[in-house]
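Starting off, we have a lone chain in the form predicted alone, written out as structure tokens.
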């Protein structure tokens, strides 16, 4: 079998967490199928990146050029397409992130290869590739078989696979960049850092997440009192931000922030995959929802099926009694 490729995602010189998840999954996939794992790095200076992933792949292909200091999907597409055409890997794995979503569709179209997004699993059977995806807001997992081909492109959901240490010693190959300048029609300009709000939900050990189940803005007072009692901060799913009940910097999920607290309590949140992507790495997850079939219970370590307006006051009082 041809190689399995993993594209390394980094931002301002820092490797993104999804990369280590992809590399761990790619190694397991390669081992099961007698294949080799190759990590692809586009960067202006690759030394620090190589040092962090050298044990994670059989081979590291490095393309260094100043134009790859910052991500530009057009530059990546032009360069990566040339490498895939030349090397013809069996499968190329890319994170289903803003980075991957910007790049993958047009790359697959140019290469004319089968492509599927936001996968939870990948299986290889000979020259056939099967993937597992979710449907109906995460209520159903389906296994799909892609049209048989020599090469495939797949984006994998962040937070689905555990990042694991490797014990390999990668061969380093440096190749010339197929391009030397960004395309005129799309250039990277600058990063604009989001102004930090009064609460940084990514730094707290305890996060209380709220969804549409709290029904109205006035009920935020109940949640704030509970958060104060337990020593946590309040985050939310997207509908709360859309309703302007909380600011954007409190949003948890694929279009918000990714958090890894010691404790996450999901209150009135159904558990759509976009939200789960942002919180499933919490050490302990507790879900409170009156719908026993809510997808959030699939991620929870503990669940309470009941009306949150009955549960939260009782929990708050028990916490205050314990503290006293």
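Throughout, rigid core stands for the largest set of C-alpha atoms superposing within 1.5 Å between the two forms. The model shown is predicted, which means the values in this text are computed figures rather than measured ones. Positions refer to the first chain, counted from 1.
The form predicted together with a small molecule exists for this protein as well; it is not shown, and the discussion that follows is about that form.
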property	result
Answer option from 255, 28, 298, 55, heavy atom within 4.5 Å of the small molecule in the predicted bound form	255
Exercise: residue 261 in contact with the small molecule in the predicted bound form, heavy atom 4.5 Å	no
Contact flag, residue 211 vs the small molecule in the predicted bound form, heavy atom cut 4.5 Å	yes
Residue 281: touches the small molecule in the predicted bound form, heavy atom cutoff 4.5 angstroms	no
Proximity of residue 159 to the small molecule in the predicted bound form, heavy atoms at 4.5 Å	no
Candidate stretches 68-76, 176-184, 234-242, 145-153 - the one whose heavy atoms come within 4.5 Å of the small molecule in the predicted bound form	234-242
The small molecule in the predicted bound form reached by all of 268, 272 and 291, non-hydrogen atom within 4.5 Å	yes
Large Cα shift (2 Å or above) at residue 177 between this form and the one not shown, core-fitted	no
Core-aligned C-alpha movement of residue 215 between this form and the one not shown, 2 Å or more	yes
After fitting the core, residue 26 CA displacement of 2 Å or more between this form and the one not shown	no
